[in-house]
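The chain below stands alone, shown as structure tokens; this is the form predicted on its own.
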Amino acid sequence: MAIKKFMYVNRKAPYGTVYALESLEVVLIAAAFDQDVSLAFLDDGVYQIAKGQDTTGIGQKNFSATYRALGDYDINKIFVEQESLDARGMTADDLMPLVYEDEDDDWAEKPSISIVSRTEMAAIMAKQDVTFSF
């Protein structure tokens, strides 16, 4: 039986709703069961992996550090839409440095994030077996 490809699409800001945290929890659970997991960050979802999140002013727990664990769960296919970054005045430098250890390259740390165009994102999504949108 072939392993299915699961993509989790994140479109919401990290705080103010449960979508971002719920997505992260579901992704980690799926990866723990050896699923082929990838993540997409579009629209306000790009804020989920922004550097320097500080939630003290809104009284919510900051869960952004959990994204750094994705590589430990073999989640290394993280796609961020360039147009979403552009619309929010962001660049790749504004994102957390998410990495994984490549066992085929003597465990070298490599970046997990790929910045892709809207057209490329559509093509990547079309190749998935299952897509969940949060």
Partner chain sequence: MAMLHIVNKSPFERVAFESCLGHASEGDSILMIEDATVGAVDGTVFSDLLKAAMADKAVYVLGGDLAARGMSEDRIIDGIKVVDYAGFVDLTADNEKTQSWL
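Because the structure is predicted, anything quoted here is derived from the model rather than measured. Positions refer to the first chain, counted from 1.
Keep in mind that the form predicted together with the partner chain is missing from the display, and what follows is about it.
- Annotated contact segment (heavy atom within 4.5 Å of the partner chain in the model of the complex): 47-55, selected among 104-112, 47-55, 68-76, 25-33.
- A heavy atom within 4.5 Å of the partner chain in the model of the complex is found for one listed residue only; from 13, 21, 116, 124, this is 13.
- Residue contact with the partner chain in the model of the complex: residue 90 places a heavy atom within 4.5 Å of it.
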